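Two forms of the same protein chain are encoded below as structure tokens; each is given separately, as structure 1 and structure 2.
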Structure 1
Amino acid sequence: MVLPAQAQSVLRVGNGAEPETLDPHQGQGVSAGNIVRDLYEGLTSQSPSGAVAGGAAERWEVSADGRVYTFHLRPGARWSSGEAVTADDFVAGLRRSADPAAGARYPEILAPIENAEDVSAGRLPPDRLGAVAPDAHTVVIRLAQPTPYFLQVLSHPASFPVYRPNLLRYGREFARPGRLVGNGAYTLVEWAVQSRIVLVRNRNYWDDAHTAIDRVEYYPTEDLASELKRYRAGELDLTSAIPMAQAAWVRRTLGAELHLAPYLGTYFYGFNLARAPFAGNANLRRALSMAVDRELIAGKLLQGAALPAYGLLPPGMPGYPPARPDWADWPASRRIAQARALYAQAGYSDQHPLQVELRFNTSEDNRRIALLVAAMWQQRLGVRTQLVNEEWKVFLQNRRLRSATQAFRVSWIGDYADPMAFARILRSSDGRNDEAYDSPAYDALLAAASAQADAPRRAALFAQAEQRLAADTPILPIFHYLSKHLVKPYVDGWSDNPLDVHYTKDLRLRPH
């Protein structure tokens, strides 16, 4: 059959940082994830609005105890090479993703699967992972505990299948044009590092008939201002974000093309509880927290491109509204008075002010926020703040050592829409707990929530955990992120969602 000659439909996407790899099990960044989701398809997928949808699996059953998932693959699912996608490909992908010998970077997301933590720790071989393929079209996954968000995990790149012939042939260098075989709607044709990555539609994709865009070009830009200019010059159809300092101006000039929507991310300051002055001084931490005017930061400084934050968990968690302490709604004078009282109780005064270091990694937004917070502390409590601006890797190392930091900047992006994605980072055992927060009560609440299959009771446990956090104040939440895309009006099918996941196959371009 000969198709009539037709202009190709090309989507040009500004994609933020250069992806470090397109290997689904080794990539960690947002920019890599965007591309990998076009190249591969997990057992599940997401609808444009963010709901769980069928992916490579057409349907599935969940056992009554919520611990056994049985997936049935689509009969027509094929690799871009034309071969059929089998259940073994998925099992192999999960095993590789959990296997420390494969150098996989994201094992924690597979933690709900039976034996996953032991496999990742090297205590069990990868084939003991609780995922099996009874036949070529069926994948059975056993979980350690019922996990309400587990279907979302299966749309994460870390759970994607792997095309074993090329993995065997090229090893870790398989994720290159000409070598990468995927089961997604697109296939990789060009990767010029720091220049662009080009994908064309995969004619072997099971739903190719409904794909509208023929070619996607992903352009890396570290510099958001440059990305914005290229968008305005008509060289990009979509951007990864906008510079927050220009949010108001962009909204004014580009209007409806700016899509601001809640995104699963929180920006906060951590207090190092292992060192003076914050060790064992909850009053001080609360005083500092109450002295910070989040509305001013989110509204005036970030120009509405962020939401004020009073807790760790962002909005957008199903069945879980974000926490809001009562003082959040107090008038400023009362809040400041209370903060001053707590500051005094903590043993500080104008004669004996707190001297503190606030550490952040080099970036325009971090700098401005830190300046403003320091000014609020200074002008409201009399705190003398020293801003310590460090380059990213140095900053990470210092934060992790817990021996140099006092207060420091953290931002955390959730991988799935569940409170656990956030709450877990303050567990005493978590590798990310740079605050050295060690609360047995908090750990116990999280453990209970993990074991709890009933959604309302689980939510209640998380709410209690958040109250614990509010009382202990190991962190000072500042704002919740918004996704900030610019989308040309001729791009149809775009829909904002909390995980900020967008598949090119769901988009189409109107003539323009």
Structure 2
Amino acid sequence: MVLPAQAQSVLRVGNGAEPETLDPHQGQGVSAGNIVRDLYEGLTSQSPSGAVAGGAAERWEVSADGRVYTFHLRPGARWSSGEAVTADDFVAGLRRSADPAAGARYPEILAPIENAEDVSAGRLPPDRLGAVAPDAHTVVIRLAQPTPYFLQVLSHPASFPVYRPNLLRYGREFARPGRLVGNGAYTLVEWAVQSRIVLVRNRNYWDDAHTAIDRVEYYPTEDLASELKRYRAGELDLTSAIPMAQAAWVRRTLGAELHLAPYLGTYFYGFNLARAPFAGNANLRRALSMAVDRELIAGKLLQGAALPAYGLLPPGMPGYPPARPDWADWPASRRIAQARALYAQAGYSDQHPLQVELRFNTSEDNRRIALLVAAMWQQRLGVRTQLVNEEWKVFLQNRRLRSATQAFRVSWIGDYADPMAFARILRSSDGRNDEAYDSPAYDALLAAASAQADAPRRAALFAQAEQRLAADTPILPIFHYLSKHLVKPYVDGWSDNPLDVHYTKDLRLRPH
């Protein structure tokens, strides 16, 4: 029963772009993930600090060789319908997430599981995935090789269970109000597109007694300046971020409410290697990369609310420092001279300038960054850039098609604190590889790293993989993220963490 709004403890959250879906196996954006983690729960979860914690599984054992994980479900685990969550529900979710026929967006994260890659490639049926339910309360997962970060994977939406009766009844339309049955702390009651998404407490959740917030309202916006205005007007209790152009003002005016923290995320431009002008032209890609002043973007344009990036992997990865090519420390004059030489070698000049299309999804910050990068390319190389701004869903669709893009904006947020969380998105077989990067050498290095249990040797393999990326330049790294949230003083329980994952069930609202 839903309580009257005035009697509830209501959290109002700014949530960035409109979610593309609330199907845990179909979503790919951060805004969708924020909501899905309230609606569902994996075998594992994350503590407020970001550490692995128990989720629907109260305990687990790992075999001596690190390849077999046995999970024991909590006796009180229930769907929002009141029915018991079973081990078969988790196995069904994993199989659906790996099944190419189901159209899941993120099967690659399950790659450590035995046969997962063959299932996702259609070479084996889903029931050959290395996950079984010997009884209603036990899930056994076999891995292809030991994987240090595997417990983190099981807190990701791609591993979440599925309520099979509604999947069978509604198909892919099950993730809607009145149809979505989840096992998380909240349940979906309203979704007004481009307006708000409303969740209320799932009274059948196993730990509902420790949940304090009755109702959470997620408000989508692609305009961070408008989100900031709503926060200042008292219409939001949390923001998804802050507008970079106002970072200094926010620090001065709302500093006590600003949470600025290290975040495992990288903002970069992808080059479409499947079509002109970037196919087969590494010199051109390197020239464009060397012509960009990351320090100017991160320090001045973004007002210190980001860190300059020269590689894909962000700082803060345990046991792995971020990459930095030699030219990153060159004087600007030397760097620009080398960029011009590479540009000429690629076949371009003042008389024959590169004409390129740069796409980005709707956001004032994305527009400002693209304008500055285009200006750097024009002033230093003579490049003529056409900027194309697209709504989020259209933008993602065009990126995946590859036939519609040349250079495009990408951001990637790590799903777990391990180099593989970033490195794998440029594997030739990865569904997130919108760049069409295909390097057998790079793929082989990642395969070797996956099979390597020794931490220093594994780190060395990832370092070689980053060197390969630097040589091939399928991407142009621009900056590494800092998480940037405004949080009202009366919100208790907020804890900054490198993955920037925050469950509403861990928060409290004091009277205000």
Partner chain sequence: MNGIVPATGWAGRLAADRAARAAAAVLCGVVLLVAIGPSLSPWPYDAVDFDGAWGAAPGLAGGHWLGTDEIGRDLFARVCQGGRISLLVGVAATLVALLVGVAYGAAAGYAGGRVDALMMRAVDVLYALPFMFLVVLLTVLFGRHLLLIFAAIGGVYWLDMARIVRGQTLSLRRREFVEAARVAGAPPWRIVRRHIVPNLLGVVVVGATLTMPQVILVESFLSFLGLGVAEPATSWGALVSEGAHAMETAPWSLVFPAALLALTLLCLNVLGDALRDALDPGHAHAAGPVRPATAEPAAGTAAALEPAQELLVVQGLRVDYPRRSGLLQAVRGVDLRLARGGTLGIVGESGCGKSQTALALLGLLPAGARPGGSVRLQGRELLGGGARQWRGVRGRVVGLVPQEPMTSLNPCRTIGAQLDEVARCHGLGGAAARAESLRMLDAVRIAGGAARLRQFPHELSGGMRQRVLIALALLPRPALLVADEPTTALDVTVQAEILALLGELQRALGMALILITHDLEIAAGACDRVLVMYAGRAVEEGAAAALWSAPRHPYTAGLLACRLRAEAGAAPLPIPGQPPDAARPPGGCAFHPRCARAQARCRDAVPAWRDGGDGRGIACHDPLDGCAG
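Given the structure is predicted, the values throughout are model-derived calculations rather than measurements. Between two forms, the rigid core is the largest collection of C-alphas that superpose within 1.5 Å. By convention here, residues take numbers in order along the sequence of structure 1, the first being 1.
Undergrad: Can you tell me whether structure 1 or structure 2 is the form predicted in complex with its partner chain?
TA: Of the two forms shown, it is structure 1 that corresponds to the form predicted in complex with its partner chain, while structure 2 does not.
Undergrad: Taking the chain as two rigid parts that shift between structures 1 and 2, would Glu391 and Val200 be sorted into the same part?
TA: Considering the two-part motion between structures 1 and 2, Glu391 does not move with Val200, as they sit in different rigid blocks.
Undergrad: Name the rotation angle of the smaller rigid part against the larger part between structures 1 and 2, given in degrees.
TA: Interdomain rotation between structures 1 and 2, rounded to whole degrees: 23 degrees.
Undergrad: Can you give me the Cα shift for Leu296 between structures 1 and 2? Core-superposed, in angstrom, one decimal please.
TA: For Leu296, the C-alpha ends up 4.9 Å from its position in the other form.
Undergrad: Align on the rigid core first, then pass along the CA displacement of Pro318 between structures 1 and 2 in angstrom.
TA: That residue's C-alpha sits 2.8 Å away in the other form.
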